[in-house]
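Presented as structure tokens, the chain that follows is alone, the form predicted alone.
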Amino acid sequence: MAIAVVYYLRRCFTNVIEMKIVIYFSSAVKKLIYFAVAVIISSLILFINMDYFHENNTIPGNSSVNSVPGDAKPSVAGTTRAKLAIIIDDFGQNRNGVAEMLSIKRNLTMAVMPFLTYTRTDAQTAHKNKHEVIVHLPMESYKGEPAWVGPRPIITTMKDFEIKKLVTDAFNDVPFAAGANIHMGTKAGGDQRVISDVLDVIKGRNLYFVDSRTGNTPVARNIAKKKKIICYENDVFIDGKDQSLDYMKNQLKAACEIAQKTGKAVAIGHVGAEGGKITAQAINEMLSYFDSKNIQLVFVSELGK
């Protein structure tokens, strides 16, 4: 009898041990399966994220991959507003449209000619009204009356040190200047030596340059690239050729189309004889159009931001 009881108890103990082993291994297998599933899911998430970053040329924590200062990427609908910088030339002399232009409550860049009666006054007022100021550099042209160029223009026969001295004097005469563009200049604006001298002064002041593209052979952008200077080119003249309101508004629409396609655009208008009050009126009447097209009016210095 004792032997039978011992045998029975031994059998029960053995069964219990076997059940625990089965339960233990079953639990271990489950944990192993859960771990494997977690690894697979994590790998899929990492793969998807890396593929997204590759497709969008971005790296987490670095939003400027493949970007160059001054070169804004095209806008994407619903994410980034296209940028339009409007430059208004010829401040400092003729008063036609000056007050109207300075009173526009949007970001405009005012190009002020140096060495004139109203040079400093116009620059100071533009700055006070929260507009950006640049120097409107007078440069030699193939055509036009010499008086149109203004006092102390840059001439292609000047020596290098004379050009640099003249550009330096011009910046000293126009307060708050953030950069420069070309006044007339169909000849000097296409001369590589002249433009190189101009850009040397601008680089020394850590400013930007806008090639107004008044001539057929613009050279500033290529030279500026080599010198690592921020340089933009004019895309559209708002006025000058035709001074009717409808023409100017159509030109502004053309500038908007360029901005929508490329992410940014530059348009140039004038105070004085080439535009004045009509140009100011055209800009004012187009403000709601800019908003409807998701176009942001910016200073030239903001184009690359």
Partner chain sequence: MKNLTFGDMLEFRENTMTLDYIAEKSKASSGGQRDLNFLKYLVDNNILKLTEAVMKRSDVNLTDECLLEHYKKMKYESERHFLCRTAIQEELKKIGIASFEGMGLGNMDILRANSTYDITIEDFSAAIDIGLAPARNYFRGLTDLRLRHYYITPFFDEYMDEVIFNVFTRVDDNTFIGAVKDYVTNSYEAPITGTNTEEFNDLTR
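Positions refer to the first chain, counted from 1. Not measured: the values here are computed from a predicted model.
A second form of this protein, the form predicted together with the partner chain, is not displayed here; the remarks below concern that form.
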{"query": "Residue 234 within 4.5 Å of the partner chain in the model of the complex, heavy atoms", "finding": "no"}
{"query": "Heavy atom of residue 159 within 4.5 Å of the partner chain in the model of the complex", "finding": "yes"}
{"query": "Any non-hydrogen atom of residue 186 within 4.5 angstroms of the partner chain in the model of the complex", "finding": "no"}
{"query": "4.5 angstroms heavy atom contact with the partner chain in the model of the complex for residue 190", "finding": "no"}
{"query": "Listed range touching the partner chain, judged in the model of the complex by heavy atoms within 4.5 Å, from 80-88, 95-103, 217-225, 147-155", "finding": "147-155"}
{"query": "Partner-contacting position among 127, 203, 120, 164 - heavy atom within 4.5 Å of the partner chain in the model of the complex", "finding": "120"}
{"query": "Listed residue (194, 133, 116, 229) with a non-hydrogen atom within 4.5 angstroms of the partner chain in the model of the complex", "finding": "116"}
